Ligand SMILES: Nc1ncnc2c1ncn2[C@@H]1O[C@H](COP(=O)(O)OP(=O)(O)OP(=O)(O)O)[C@@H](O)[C@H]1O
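The chain that follows stands alone, in the form predicted on its own, written as structure tokens.
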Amino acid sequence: MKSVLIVNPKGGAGKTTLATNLAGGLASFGNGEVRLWDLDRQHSSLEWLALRPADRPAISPLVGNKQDHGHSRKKSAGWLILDSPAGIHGKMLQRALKLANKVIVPIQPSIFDIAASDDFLRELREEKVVRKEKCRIGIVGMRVDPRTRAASTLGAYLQQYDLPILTWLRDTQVYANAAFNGLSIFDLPDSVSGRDTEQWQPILEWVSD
């Protein structure tokens, strides 16, 4: 089972938006069984999943004890998407990274988000599984127009870490409106979310690589 960890220690960075829509995208394209593991005590991803209509591509919550989780990851085909909590670091981060093949860090292009992410990105780069290239890291710019000065500032800042910016996701209510009904943008008509699903193609290609 391929696993993707969505992580940023700052609250409100867009982790749950990324996790639920990545799960929705993988499920929509029939890339094997998709499971969603919510590590946050607020369980926002699981609340979204509870709202998901039965006629949409299936996404399963990952449940059971720690041994079950490890067994499922090794023996099952498909995808495991991990939605991490705010403030994650140290041993909790290390345990989450050991489960991941790919890591996606959502960052919004504000001085506050950049400052909050600085120490974390340094810590992330120093983790053993990252240094040994057992998992790869990608960045997603959240709620941003790539043509703006804010996007240019974020891109210049990230150059010091030599981490790829997978894509920029625009600031739109399409995500929030879909989430109210347990949907991802991939469950919506192309007339509503076509611009957004197009922005997601680099993410889907990167996690599938």
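These numbers were taken from a predicted model, which means no experiment stands behind them. One-based numbering along the sequence shown.
Below, we refer to the form predicted together with the named molecule, which is not included among the displayed structures.
- For Ala176, a non-hydrogen atom is located within 4.5 Å of the named molecule in the predicted complex, even though that partner is not displayed.
- Contact annotation for Ser60: none of its heavy atoms lies within 4.5 Å of the named molecule in the predicted complex.
- With a 4.5 Å cutoff on heavy atoms, Gly14 counts as touching the named molecule in the predicted complex.
- Under a 4.5 angstroms non-hydrogen atom cutoff, the named molecule in the predicted complex lacks Arg56 among its neighbouring residues.
- Stretch-level contact check against the named molecule in the predicted complex with heavy atoms at 4.5 Å: of 22 to 30, 48 to 56, 35 to 43, 152 to 160, the positive one is 35 to 43.
- Contact with the named molecule in the predicted complex holds for none of Lys98, Cys135 and Ile165, as no heavy atom of theirs lies within 4.5 Å.
- Residues Arg170, Asp171, Thr172, Tyr175, Ala176 are the members of 170 to 209 with a non-hydrogen atom no more than 4.5 angstroms from the named molecule in the predicted complex.
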